[in-house]
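Take a look at this single chain in structure tokens; it is the form predicted alone.
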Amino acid sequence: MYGFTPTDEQKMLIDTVVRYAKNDLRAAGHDAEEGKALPQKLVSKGWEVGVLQASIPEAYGGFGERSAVTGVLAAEELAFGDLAGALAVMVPSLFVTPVLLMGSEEQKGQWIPPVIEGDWTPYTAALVEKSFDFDPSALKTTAVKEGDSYILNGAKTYVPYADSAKAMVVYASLDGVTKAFIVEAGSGAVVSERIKLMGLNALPLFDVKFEGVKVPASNLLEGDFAPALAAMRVANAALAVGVAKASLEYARDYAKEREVFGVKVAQKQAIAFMMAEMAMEIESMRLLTWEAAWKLDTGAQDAAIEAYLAATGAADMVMMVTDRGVQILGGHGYIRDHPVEKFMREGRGFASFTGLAIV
């Protein structure tokens, strides 16, 4: 038997996350999207909440133990506030969590404390590649051993804060197996102009090219990639649940206030049934995501399968829910003053967001 009743520590942390998401992220989300920039004070405030720090052992500068369950609880609430802001706050985890999961004790001691103990700093990661058949377990970016170094060749996309990152975890194929390498700033990686996307316009994302980039052999994270990939997929699912919940709640509140021909929109049977189905889909994906996170924490053999199911299911769910959120508002749903159109644009991208967050 297992349950999902949060511990006192989890409840305190998530209550703080909820306040930040509603009072800060949601308030800033529209202007950040339109202005294509997140205020640094906003991101720093989210970092100070301590979601990542709470999942890092004291030996490496944190004040807790890694918990994917805590991570998904926080990720959902952050995305409920604003997806771009949530991803920005979570960026350092793209670097720290793979080191924690895949690195040696020496690497953990070297790389994690400077990130955890300081202010929010852009340490990031590069996984996604521009390929129709992109598969994290069959990367086109390669690593070849050369003396006491590895040579990286390939190209990545959707790399957050690549233009200012102090270091990044780069995933590449080494003898046909996906491995992670720590690539420091100034290594020779070429960062493109900022990418323009349909959504996430407030989050700076870049293409990065690696042409003969030399990485010290000591910067190879020798651990298995599978747990990190599962943690990315669970994070993706939790973020999708958060965006879907935001869309449903906004559409529900609008429908309860808006009158058409003397009747509240929410009282129309077709709309009521639509919202009920949206709520059921959100709840089912939330429970699947929580279960997948719990299995990651307990080391269950099928944890990776559960994580994949959660990610793919949530990607479909968030597309359906956010599309219906726009429908419920009618013509107003297409107006940028209402956030449902933003939620829909973000929802459409979840099928390709794996690697933008990790818990």
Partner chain sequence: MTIEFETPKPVENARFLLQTVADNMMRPVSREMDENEHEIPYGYVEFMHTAMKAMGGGSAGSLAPAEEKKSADPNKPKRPSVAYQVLANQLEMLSWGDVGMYLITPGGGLGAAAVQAAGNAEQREKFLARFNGEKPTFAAMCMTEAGAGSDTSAIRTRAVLDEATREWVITGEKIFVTAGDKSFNEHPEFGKGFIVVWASIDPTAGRAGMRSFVVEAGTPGVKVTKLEHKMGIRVSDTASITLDAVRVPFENILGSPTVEKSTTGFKGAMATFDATRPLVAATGIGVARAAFEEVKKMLAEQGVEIRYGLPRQKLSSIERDVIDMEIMLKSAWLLVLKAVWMADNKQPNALESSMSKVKSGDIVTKITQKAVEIMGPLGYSREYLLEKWFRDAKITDIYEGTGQINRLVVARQVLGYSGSELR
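Positions refer to the first chain, counted from 1. Not measured: the values here are computed from a predicted model.
Separately, the form predicted in complex with the partner chain exists; it is not shown, and the next lines address it.
With a 4.5 Å cutoff on heavy atoms, Val49 does not count as touching the partner chain in the predicted bound form; it lies far away.
Using a 4.5 angstroms limit between non-hydrogen atoms, Leu288 touches the partner chain in the predicted bound form. Contact annotation: Glu33 falls outside 4.5 Å of the partner chain in the predicted bound form, judged by heavy atom distances. Under a 4.5 angstroms non-hydrogen atom cutoff, the partner chain in the predicted bound form lacks Asp175 among its neighbouring residues.
Three-residue candidate spot Glu77, Gly186 and Leu220; no residue lies within 4.5 angstroms of the partner chain in the predicted bound form by any non-hydrogen atom. Stretch-level contact check against the partner chain in the predicted bound form with heavy atoms at 4.5 Å: of 204-212, 188-196, 278-286, 155-163, the positive one is 278-286. For the residues Glu106, Asp119, Asp133, Glu259, the 4.5 Å heavy atom test against the partner chain in the predicted bound form is passed only by Asp133. Taking the partner chain as positioned in the predicted bound form, the residues of 229-258 that bring a heavy atom within 4.5 Å of it are, in sequence order, Arg233, Arg252, Lys256.
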